[in-house]
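One chain comes next, on its own, written out as structure tokens in the form predicted alone.
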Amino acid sequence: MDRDSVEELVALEDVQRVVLGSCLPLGPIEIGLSDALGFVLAEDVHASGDLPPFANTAMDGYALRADDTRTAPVELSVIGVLPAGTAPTQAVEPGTAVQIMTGAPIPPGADGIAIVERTEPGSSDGKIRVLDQVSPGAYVRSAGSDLRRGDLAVAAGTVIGPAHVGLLASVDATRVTVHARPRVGVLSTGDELVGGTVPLELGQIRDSNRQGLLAALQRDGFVGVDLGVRRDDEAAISAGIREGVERCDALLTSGGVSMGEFDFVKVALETLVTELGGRAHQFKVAIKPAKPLSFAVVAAPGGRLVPVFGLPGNPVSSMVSYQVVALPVLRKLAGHRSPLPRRIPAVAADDFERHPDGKLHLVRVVAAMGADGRLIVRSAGEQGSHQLAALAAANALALVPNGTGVSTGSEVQILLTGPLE
């Protein structure tokens, strides 16, 4: 066991329960359909009319009376051509057919389509030979066969994808009501952090956390707000957090949440909650990496409650903590009904060895589809909380429970963090 006793640690599921229970989805806004991709629908959308609005053909061919083909092959007289987008002007009488293109309305009198592949020229001009018997309704898309007027087209809580945009356009929903995308401030803390390309002095490091978190927010569909770097000074950090609370719907900070003399984020959060209202928590999360976490809900102007996450300063810990604790809350703010990351079974291609320490280990792994259709995971590299190379190579986190580890060939649960190989 490490120096933390099991009793001091809080299970990840309990931390997620606390943070998710501290916020509600952002209020609805109305936007144009062309801007709606990726937003979460806040209100049900119903079909304004039948879809399709009229009976039409699913294939190029000939609209005819099915009864005329009982003795197929048969010859029929072609009395017209009907392209898509054109209303029929002639009725199909016995012994006749209308050449018709995909999507065109079914002309009066017709009840089936002979597809062009199963026809051939007739014995004279203006004749067509139908090779097979056509059943009533063959290749006919009836009015309302997709949706009837008043049917639910897209339900509230749906994350709008390209197909939803097409469906919403089909039911004339040119504007939709969605949950606002949260604006998320990102603030780095630490005297050691340096931005830009200036040469590093001994003891200084590049500010990677802020850039990585802003990129994660962009990937996940949120609006990132760069709040810069604050030195290890309580007043400076408090001012940065206050600015974030005033400007944003949520705030991510990195560093300053451990037990050091200069870890001022948790102090600043507690002071701010005392002054403005809300509630602050300090967690030792039972995970490795990313054990320390400060979390507060701060009352902001206008009665808003702004969740603030004090993420650890180690680069890998910061990104892992974002993935498993902060991201679910941001997804809830954005209106997602199931904000928690989905756990997926996979098979270990390596031994993931560990020692019992009361924590869930989040191992950076590369997941790929195996020949048998199962997901296979292997280590992405060195697993230190400062080693970004393995995190950059990984597309998943393997959840290795407390104990002695997972052996090659055993099942392990994973969280996907990127696309599969």
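We number the residues from 1 along the sequence you see. Quantities reported herein were computed from a predicted structural model and do not represent experimental measurements.
Quick note: we don't show the form predicted together with adenosine monophosphate, though the next part is all about it.
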property	result
Answer option from L193, L272, L147, V324, heavy atom within 4.5 Å of adenosine monophosphate in the predicted bound form	L193
Partner-contacting position among G256, P182, P307, P289 - heavy atom within 4.5 Å of adenosine monophosphate in the predicted bound form	G256
Contact segment among 139 to 147, 313 to 321, 174 to 182, 218 to 226, judged by heavy atoms lying within 4.5 Å of adenosine monophosphate in the predicted bound form	313 to 321
Interface membership of R343, adenosine monophosphate in the predicted bound form, 4.5 Å heavy atom rule	no
Close approach of D207 to adenosine monophosphate in the predicted bound form, 4.5 Å, heavy atom	yes
D111, heavy atom within 4.5 angstroms of adenosine monophosphate in the predicted bound form	no
Contact of S188 with adenosine monophosphate in the predicted bound form (heavy atom, 4.5 Å)	yes
